[in-house]
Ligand SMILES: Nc1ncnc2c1ncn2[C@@H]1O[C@H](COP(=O)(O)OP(=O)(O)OP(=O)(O)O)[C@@H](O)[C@H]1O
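Okay, here we've got a single chain as C-alpha cells, the form predicted alone, with questions on binding and movement later.
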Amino acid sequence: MAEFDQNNNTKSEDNLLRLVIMNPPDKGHEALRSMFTQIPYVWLQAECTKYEFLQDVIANQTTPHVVVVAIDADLEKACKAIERLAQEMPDVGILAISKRDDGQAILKSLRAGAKEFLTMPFGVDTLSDALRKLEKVGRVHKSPTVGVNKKEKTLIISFLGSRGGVGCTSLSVNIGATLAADPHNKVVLVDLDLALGDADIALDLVADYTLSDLIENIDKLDMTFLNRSLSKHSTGLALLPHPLNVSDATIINEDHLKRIISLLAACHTHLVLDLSKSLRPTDICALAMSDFIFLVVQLEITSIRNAIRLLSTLDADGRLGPRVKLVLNRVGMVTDITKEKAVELLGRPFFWEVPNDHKVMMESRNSGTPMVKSAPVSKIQQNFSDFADEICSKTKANKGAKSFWHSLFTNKS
C-alpha cells in the first residue's frame, strides 16, 4: 500500500509551491523535512519512504510542482523512480539530493530526469535557490513567491491601540467578521496581545489550539496542521488565539511569527492582527508585514499623548510610517478634547471615525457575536461595512467589495 502522511487540501495550496519528498529513513535526512517547512512559500504535500511507492503517493495528491528524491538508500531504485516520474509527469520539477559528492551518482540521477542536484549538508537559502531554478526552467508553473499573483495578494491589516481600552479588539473582531461576511473572502484574526488578549472571549470561542501550540510544533508546521489549528466562528471568521498561559508569550519570537503569518497569507484573502500595547518585537514584526496599520485613538489626553509618541516612532521607520492610518473610536462621547485639537496635536487627519454606540457594542461583546450578525442594521455596523469597503477598495482584487456590503446592509434594513 502506498505511504503518505498529508491529506490533499486544494484550498490551502492555491498560493504555495506544492512539494512531495521521497525520503527513505536515514539519520542524515532527519532534518530535511524541517528545512522545507522553514520556506514560507512551500507546502509539504506528502512524504514517501519507499521508492517503489513514490508514484502511488503522487497519484493520491494534487499534482505537485516539485518532487525531491533522496537517492542514497538505493541509487538504482532512486533513478528508476526519477525516470518513471520524468516520463509520466514531465511538468514536475525533480530535485535529487545526496550526502555523497559522487560524480557518478549525480550523472545517473540527472540522466534519469532530475533537473537539479544538491549535496548535503546545505542551508535553507541553497534549497530555496534550487527551487527557484526549477521554476525558471519551466518545470514549475507557479512562481514560488508568497502571494504569487499581486492581484491576489493577501491584505494584512493591524490594529494598534494608543492605550488599553480604546477598542482595538472590538474593531479587530468586527472588521474581521465584516470582511468574512463576503463568501469570497477567507479571513483570519490573529490575537497578538500575547499576554492579555481577549479576542477569544469577544467571539465566545474555546480554542483547541493557540499560538504557543504552533510554536511548539514549528519544525513540522505545514498548511494542514495550521488550518486545523484555527478556531472557526459562525460568521466565517477564523481565529488564532493568544497563548493560554501568560508565561508562554515569551517563547514566541519574530521568526516564528513570520513563518505563521506567511503560511496564513498563502491561503487566506485577509489577515487581521490585533496587537499588544507594548510594541514587543513580535508586534514590530507584525507591523512590518502589514499593508495597513490602524492606530486607534480616543479623544482623551492619555490616548492622544501616546498616539503622538507612537507616530513619532513609526514615522522614523521609512517602511512603517506611510502605512499608519489614524482611527478615531467612539465619536460622540463627551470628551476633554475636541477632534480639531486632536488633529492639530497629531499633525494629521483621521482616516476613519467610528461612532459611539455603547449599548449595541456591549450586547455584541457580551454575547460573543460580532455586530454583522447581532446588529446588522445598526448605525455602527453600517460604519464597519463602509470601513471594510474602504480597506478593500485599496486592492484591485476586491473591486466588488462595496457592492457586496452595501447590498448586505440594504437587504437587512
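Note that residue numbering begins at 1 and tracks the sequence as displayed. Quick caveat, the model's predicted, so the values are computed rather than measured.
Keep in mind that the form predicted together with the named molecule is not shown, yet the notes after this line are about it.
This chain is displayed without the named molecule, yet in the model of the complex the stretch 350-358 from 33-41, 47-55, 350-358, 64-72 comes within 4.5 Å of it by heavy atoms. For the chain shown alone, residue 193 is a contact residue for the named molecule in the model of the complex, at least one non-hydrogen atom being within 4.5 angstroms.
With a 4.5 Å cutoff on heavy atoms, residue 167 counts as touching the named molecule in the model of the complex. Although the partner is absent here, residue 109 is not a contact residue: none of its heavy atoms lies within 4.5 angstroms of the named molecule in the model of the complex. Using a 4.5 angstroms threshold between heavy atoms, residue 59 stays clear of the named molecule in the model of the complex. Only one of 256, 280, 330, 115 lies close to the named molecule in the model of the complex, with a heavy atom inside 4.5 Å, and it is 330. Here the marked residues 308, 310 and 325 all miss the named molecule in the model of the complex; none has a heavy atom within 4.5 angstroms.
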